[in-house]
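In the block that follows, a single chain appears as structure tokens, in the form predicted alone.
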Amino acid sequence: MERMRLDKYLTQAAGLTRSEAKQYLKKGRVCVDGEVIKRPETKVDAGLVRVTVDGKLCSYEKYTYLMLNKPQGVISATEDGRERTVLDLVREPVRGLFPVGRLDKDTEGLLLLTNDGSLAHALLSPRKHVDKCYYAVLDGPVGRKEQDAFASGLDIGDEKPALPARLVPAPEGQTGTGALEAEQENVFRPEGQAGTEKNGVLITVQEGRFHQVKRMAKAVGREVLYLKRISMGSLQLDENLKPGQYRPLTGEEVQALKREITDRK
């Protein structure tokens, strides 16, 4: 277990700033295994001791992992003076929490929030080739021509073309993770036939460029009318989460992500 200063422990387990932690300690509001401790430099074994603040137990976890179903109208940032951010949706104070990548303001769906910088960096690195799958509604049907264009790597106006991506019409009536089955099986309808009445498609990319999915669609003559991310690597959006809701990742989900980035060296 990690051994750390008590004031640092309180910043991670109780969501206090370092100065707040020192004030709480000075006033005798912190107990370690039932004993009042006032010295911020006191070393504790994180995960082995029972620390309370005003009688409330502090639960220590080195890293936090939250799955958020991002709603439209919220920006993927840690703070903003004018706009509501994804962190404003999180009720519990967690030090150092940030979104892994960005979803546009009008884009919904899966967004991972964490304070694990190493995991976030690996998930976003193009070298790791981690799939990000989106459900999109386009302004018209797509066919084999558009699929081949996505697969070859599109010029979207950047210095380098986008990496090869996958375009698959979504099955009838599927708009979320249920549509992933079609993407995984590489199902594709004949040219001119849309996946749904609203031209729903699944788009899988391995990068996170600015407005990437929208720019790729535009490169083949289509506009994105609706966009929702439904998976990132092995992590799939929990369909029980309504827009704006979140939940901690399970241990299995965290380990699956870590295995995935470890295997893709």
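The first residue of the shown sequence is 1; numbering continues from there. Predicted model, so just to flag it, every value in this text is computed and none were measured.
Not pictured, yet referred to below: the form predicted together with a small molecule.
By the criterion of a heavy atom within 4.5 Å, residue 38 is excluded from the residues contacting the small molecule in the model of the complex.
Of the heavy atoms in residue 212, some are within 4.5 Å of the small molecule in the model of the complex. For residue 103, a non-hydrogen atom is located within 4.5 Å of the small molecule in the model of the complex, even though that partner is not displayed. When contacts are judged by a 4.5 Å heavy atom cut-off, residue 232 does not count as touching the small molecule in the model of the complex. With the partner omitted from this view, the residue of 202, 68, 227, 51 that lies near the small molecule in the model of the complex is 227 [heavy atom within 4.5 Å]. Proximity to the small molecule in the model of the complex, taken as heavy atoms within 4.5 Å, picks out 103-111 from the listed stretches 158-166, 140-148, 121-129, 103-111.
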